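The chain below stands alone, shown as structure tokens; this is the form predicted on its own.
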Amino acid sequence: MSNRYPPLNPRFPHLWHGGDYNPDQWPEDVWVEDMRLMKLAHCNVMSVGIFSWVRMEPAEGQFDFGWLDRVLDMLAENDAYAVLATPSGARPAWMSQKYPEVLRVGPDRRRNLHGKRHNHCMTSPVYREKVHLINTQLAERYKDHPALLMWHLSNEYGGECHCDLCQDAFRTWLKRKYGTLEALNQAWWTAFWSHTYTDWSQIESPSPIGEDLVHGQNLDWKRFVTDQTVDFMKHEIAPLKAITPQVPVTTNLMGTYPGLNYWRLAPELDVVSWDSYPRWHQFESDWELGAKIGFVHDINRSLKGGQPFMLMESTPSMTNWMTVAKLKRPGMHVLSSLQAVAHGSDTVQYFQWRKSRGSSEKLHGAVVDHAGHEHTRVFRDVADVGEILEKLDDVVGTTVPAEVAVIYDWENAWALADAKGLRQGDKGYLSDCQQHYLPFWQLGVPVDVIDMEQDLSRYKLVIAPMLYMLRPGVAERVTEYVRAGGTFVATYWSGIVDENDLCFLGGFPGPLRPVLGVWEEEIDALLDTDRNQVAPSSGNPLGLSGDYEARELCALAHAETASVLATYQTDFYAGMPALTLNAFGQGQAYYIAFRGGDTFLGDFYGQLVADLGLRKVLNSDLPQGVTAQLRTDGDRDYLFVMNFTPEVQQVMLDGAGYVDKVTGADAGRSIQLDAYGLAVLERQHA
């Protein structure tokens, strides 16, 4: 039975291909050439107006949309469409000059000068009024324009303001949350260092010249910044939805950007989109990086429960702000673009369409180089992507059926980053989550990446690396999930603190202790050069054998109701449990006490995939560096078999009946993938 999401906008039910288009930077004779080149590049949807406020409103209350009328008309006349942006990401100089309160104040309490981007206070009534006005003008003017497909809110929301308006808003937020100062002081544990607050007016945002070591306060500030951003975003959306309720709304997220909890933004958006800029061919193998990017694509699909997302920005060649601006090798542009589609994107879009002639992004990659014509390698790569996308209409609206979930939680990341213990600096939370994801990417097993608040019941396997923080109800959901038959995997440093970053009393892993069947007494932080060894127990049910390496973090735990599957081999905790399994209700819970490497996790999860009968996209062995990802509508499956290595790879198929979606030919029993090559195959849904 078909199960397909509607197109992003039913007016154009195809995969979207285009990029950030800045015609306001160029004379109008260039626009005509742009239209010709867009057709050659098979681009059909362009993002327009993202940083065009001063062109739209050159002086306060004086609007000029004539140029934008002509651009949108030209797009429509050339069978192309627009993702039309609100310009709030960078305000005009006249506004900063007349209304300095719109400029942000930093944590050091100094107000910024005019300049750069996102230098605005989201609390400022003046800024909100000006944004509401320009958004209303845009919506009224273009509500019936044939080119308008979607609204693009601002650009990469982020940052924070510490002005007096924001301080007052923070205190109001805290009063709503806690009700009394007594409750706040208890939650923040302010008796420490005599930090107890005796009046609401004493509370300020964290600052390097004041207080920044009260962890509950730091957490609540980050939550406030997210909520204030959401409130500002809703303020932006209101006039758009009032005037154009049929036009969907998105904003471009930034992967695992630590400044905002994207699970709070997602419900307010019709579609999730994100900007992807991997460092290909640089610090690790391309297939290892490919898995990490797949992880983030899966976050963006999971943010709205499997609904297709948008790849809003990517570079067609190189990224100018990287330490080393290395070019994509032949094949990588098509591969990385189609990788997004494989994980659930219904668009491939770029920053930028035409290279700027001046300022900081003049050397950033673009579809049209400074040469100004189509006779470049990059332009041909982009056109190749467009030609492939035009053959994949059947993929539109399909999604990814995942039986596995990895929990990556923004608030947990905040708390771990703030923790003064174990290892200073990066605690390795994101890399841990990606390392636990990697074996499934290698095996071609689809994965959702969720936060700790999501429903777990639809998954056969849920993995929660370093679940340091447990917000209310999370342990209860995990317990019920396992009791009902689910398989849960937790690691060292889980169940340490509550939602206020207060340590659980009575033993770790806190409220997860019964379901995991272990008591974690201590944790040993190793030097970078230190190693321990872990040996599986004889006859363990996973069939693990041989020694595995333990590095960086080794928890010292006691098995209570759990069975010991592996033990440490050296140091004073030799013989203590390193891997346990606890039968609980109808399900089971594994506890990994050590930070291991790819070999252990590959063996461990490979066996779980077999034991749990998890579906692989292809029931055949994939060469290292090759992955298979799946989208389906429940009737037809669309397989993306992708080679993230610079070598030719041969992939065996698991039967007949595969059709190459690009060529239309029968795929046979095996396919050959060029260096950085891919194949898109179709089959009857199994």
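Just so it is clear, the structure is predicted and the values come from calculations on it, not from any experiment. Numbers for residues come from their place in the sequence shown, where the first is 1.
This next part talks about the form predicted together with alpha-D-galactopyranose (GLA), which is not shown.
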{"property": "Candidate stretches 318-326, 427-435, 214-222, 479-487 - the one whose heavy atoms come within 4.5 Å of alpha-D-galactopyranose (GLA) in the predicted bound form", "result": "318-326"}
{"property": "Partner proximity in the predicted bound form: residue 277 to alpha-D-galactopyranose (GLA), non-hydrogen atom cutoff 4.5 Å", "result": "yes"}
{"property": "is_contact(residue 615, alpha-D-galactopyranose (GLA)) in the predicted bound form, heavy atom dist at most 4.5 Å", "result": "no"}
{"property": "In the predicted bound form, residue 281 touching alpha-D-galactopyranose (GLA) (heavy atom, 4.5 Å)", "result": "no"}
{"property": "Heavy atom of residue 451 within 4.5 Å of alpha-D-galactopyranose (GLA) in the predicted bound form", "result": "no"}
{"property": "The single option of 408, 351, 441, 493 touching alpha-D-galactopyranose (GLA) in the predicted bound form, heavy atom within 4.5 Å", "result": "351"}
{"property": "Listed residue that, although alpha-D-galactopyranose (GLA) is not shown, lies within 4.5 Å of it in the predicted bound form (heavy atoms), from 117, 114, 531, 132", "result": "117"}
{"property": "Members of 356-375 lying within 4.5 angstroms of alpha-D-galactopyranose (GLA), judged by heavy atom, in the predicted bound form", "result": "361, 364"}
